[in-house]
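Have a look below at one chain only, the form predicted alone, in structure tokens format.
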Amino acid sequence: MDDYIKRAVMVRPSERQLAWQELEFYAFIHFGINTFTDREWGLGNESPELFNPTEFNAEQWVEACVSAGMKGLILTCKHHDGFCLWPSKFTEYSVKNSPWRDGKGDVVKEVSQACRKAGIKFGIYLSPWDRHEKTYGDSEKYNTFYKNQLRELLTSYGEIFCVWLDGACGEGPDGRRQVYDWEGYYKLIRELQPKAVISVCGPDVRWCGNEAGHCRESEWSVVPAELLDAERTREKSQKTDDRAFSKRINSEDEDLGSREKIKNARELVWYPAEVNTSIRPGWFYHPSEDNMVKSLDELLTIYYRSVGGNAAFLLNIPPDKRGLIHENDVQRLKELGNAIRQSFRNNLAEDATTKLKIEVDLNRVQTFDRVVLMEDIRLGQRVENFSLAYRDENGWKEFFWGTVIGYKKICCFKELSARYIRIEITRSRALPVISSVEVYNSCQKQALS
């Protein structure tokens, strides 16, 4: 075995990365001053008095997320406009100067409490770019300001599972350039919330590279260490409210972790991918998009390719001016959750016999259209190619070919009936360690509770 393959096999996830990966599917909530101005990016000069969600109900948000099968929620505590959804001590530009709850409200508190009540994880998004804060562009002063706000969020709302940081970086007043203190941010997060993953502009979770829900055919978790800095650079950050950005797919980055890509890498890291997209065209709520909610088929396709392709799925759901998830979104989330639960309700291989050659005996002929494979990623990511075959009276017939497995691979195909299934690992970086083989019929009609 070549040395660089040995090095790749020895790269393992941290405990926080393992815990994050097991969540699989969770929500992004974009809510703030933009909700009331019908914009995607605020300018930072909008009046706090505009913020007044008269029917605000955090439990309704969480209930909608749970119905879809989500296991966590990340809240945009502050977007680029600088308006804070909690009563920050370090700015007047927050809910404390809005009419909502007579200026005594705290969106972050109510959402975090609703998450804990429902048993799902809570995470935060705190935009590094702040178009309202006057110190932005004075790098040292603004970094102190930002870390003060970060400390408020990390010490006042219980355990945080994720701190989601993007690289958006515009000019400050008079064209001043802000230099973010990324290492200082990381140090503070590790100190105050050691179990939290730091995502996108951070060392734990990697952005998939687009906001369209596009997934790579082969999503490696073991990649060159230089990718840790990819999203922190100003050149790659989003600088304008460009709606085309959310639909852009960067196909030139399709291969990040193949043998060819890692062969000459000085260092390799465990840096798994997150796929993020919105249930609507925009990230914040817009009345004109009420009938543009992604279809069930679109959402299921993204789910299968992300969760089923060794990535996590972060789906944005924007509450409306009332402070509620719109009825159309709620309905689609229920449909999505029901479809996922139905597809994976009955594991046909639960009582099956698995032989040394990874041949699965279902004990009788059964009909199925999904096979779920998982590696024990505590021992690294090893499988590079595999195939699935079934046996009939004429012998073995291959019906699916795939590349990486990683944490989870959901193999989708047309219904077929067989008793025996064979999983053949055709290329691997070391002895494969398959931790789970599951077989399902997603079309099987069953009563859903």
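Values in this document were obtained by computation on a predicted structure and should not be read as measured data. One rule holds for the numbers: they count along the sequence shown, beginning at 1.
This next part talks about the form predicted together with a small molecule, which is not shown.
Within this chain, L300 is remote from the site of the small molecule in the predicted bound form, having no heavy atom within 4.5 Å. Although the partner is absent here, K408 is not a contact residue: none of its heavy atoms lies within 4.5 angstroms of the small molecule in the predicted bound form. Contact annotation for R382: none of its heavy atoms lies within 4.5 Å of the small molecule in the predicted bound form. Remark: F122 does not count among the residues lining the small molecule in the predicted bound form, judged by a heavy atom distance of 4.5 Å or less. Just one of K294, R370, R206, H80 comes within 4.5 Å of the small molecule in the predicted bound form, counting any heavy atom, and that one is H80. For the residues E171, E359, E110, E211, the 4.5 Å heavy atom test against the small molecule in the predicted bound form is passed only by E211. Residues within 4.5 angstroms of the small molecule in the predicted bound form, judged by any non-hydrogen atom, belong to 159-167 and to none of the other stretches in 285-293, 87-95, 134-142, 159-167.
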